[in-house]
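In the block that follows, a single chain appears as structure tokens, in the form predicted on its own.
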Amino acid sequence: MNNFIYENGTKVYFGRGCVREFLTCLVKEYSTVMMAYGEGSVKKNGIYDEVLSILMKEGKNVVEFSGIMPNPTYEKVLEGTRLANESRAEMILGIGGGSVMDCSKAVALAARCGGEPWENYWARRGIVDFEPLPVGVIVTAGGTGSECNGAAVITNEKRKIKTGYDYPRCNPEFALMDPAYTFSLPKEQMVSGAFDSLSHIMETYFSEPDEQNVSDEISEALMRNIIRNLRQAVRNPEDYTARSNLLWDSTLSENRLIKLGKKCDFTCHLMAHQLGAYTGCSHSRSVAVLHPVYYRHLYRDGLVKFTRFAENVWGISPEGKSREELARAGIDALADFIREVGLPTTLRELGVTDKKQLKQIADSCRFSPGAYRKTESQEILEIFQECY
């Protein structure tokens, strides 16, 4: 394995009833809490009322930061930053999925950083030599794994750039994860989130080193677990065991553990980010469209790993197959699974209707240095066109 340094500062409280059991003590030292949430689902499913009643019972001054959208924008971050500073918030409590958690972490960074946040921490990797506002999260949707890392993926609409870096000091101090909180998610959102977790794992897995290593073997187990439990959750959306496994899979996919010693190839995510920046399409659904096509372009450059993927994740026998045939069979199994769980397979299904725009989007995509080989903008355009 390659050398690494591992750090994760988030304390996780996982299981049914964890919010009622632990939130009171976790916010004890803070007088003013900025409660961040999305566009209203937490009010419909009762989570908002539960959390607010706990905070009010403890005499907290609650400042509400609502309306955080999917693909949170830099303008929304600046709005939250102004509110946090004006209210003198002592901590941010994000209630929601990846978008809310990312926006909460971004506000926590921007509120304390000084200077121009985008230029210093999103346009390039910056140095966080100060303490951001403390953040705690209550997770209501799995997929991004944002609860146990310091990344905040934000869209700058003016520049048409969607990006983010993982700053360990921005890790939430705590994450409360009650799988029952995910039951109210629409089936489509549950499936999309689970595939986002699978995507994160694949993009770590399909990179050097290729010799036997702990990170890859953990990744194979996680991928098998997502596939099995997503099938079960599709059959029965309120299967607590399946939903709890998917939620923890999401955390393990992005808490830095499986990245240890790995180079990581986030080409698909970078392509999906720019598709989202230009068109506003769903991130997790766009990676479902992109992955099989991208891997058919790439598999010969990572043949050892792709054959292992076919055997160890999908259980495909190598008997009677060449290495290339086995690798392609694994990619075909992935594509079949995407269709099985009802995810889209074309960009048109995502609402991308302007084919002429694809070149501009392809030209805006950045290179992922951990990839088996560099994918230039012309090849990215070809991938987009094949996905269209």
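It should be emphasised that the depicted structure is a prediction, and the values quoted were computed from it without experimental measurement. All residue numbers refer to positions in the sequence shown, first residue = 1.
Not on display, but discussed next: the form predicted together with 5,6-dihydroxy-NADP (NZQ).
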item: Close approach of residue 205 to 5,6-dihydroxy-NADP (NZQ) in the predicted bound form, 4.5 Å, heavy atom; value: no
item: Partner contact for residue 219 in the predicted bound form: 5,6-dihydroxy-NADP (NZQ), 4.5 angstroms, heavy atom; value: no
item: Exercise: residue 115 in contact with 5,6-dihydroxy-NADP (NZQ) in the predicted bound form, heavy atom 4.5 Å; value: no
item: Contact of residue 269 with 5,6-dihydroxy-NADP (NZQ) in the predicted bound form (heavy atom, 4.5 Å); value: yes
item: Contacting member of 182, 171, 307, 274, with respect to 5,6-dihydroxy-NADP (NZQ) in the predicted bound form [4.5 Å, heavy atom]; value: 182
item: One residue of 72, 80, 136, 302 in contact with 5,6-dihydroxy-NADP (NZQ), assessed in the predicted bound form (non-hydrogen atom, 4.5 angstroms); value: 72
item: One stretch from 227-235, 280-288, 307-315, 209-217 that, in the predicted bound form, holds residues within 4.5 Å of 5,6-dihydroxy-NADP (NZQ) by heavy atom; value: 280-288
item: Triple contact flag 40, 141 and 200 to 5,6-dihydroxy-NADP (NZQ) in the predicted bound form, non-hydrogen atom at 4.5 angstroms; value: yes
item: Neighbours of 5,6-dihydroxy-NADP (NZQ) in the predicted bound form among 145-173 [non-hydrogen atom within 4.5 angstroms]; value: 146, 149, 151, 153, 162
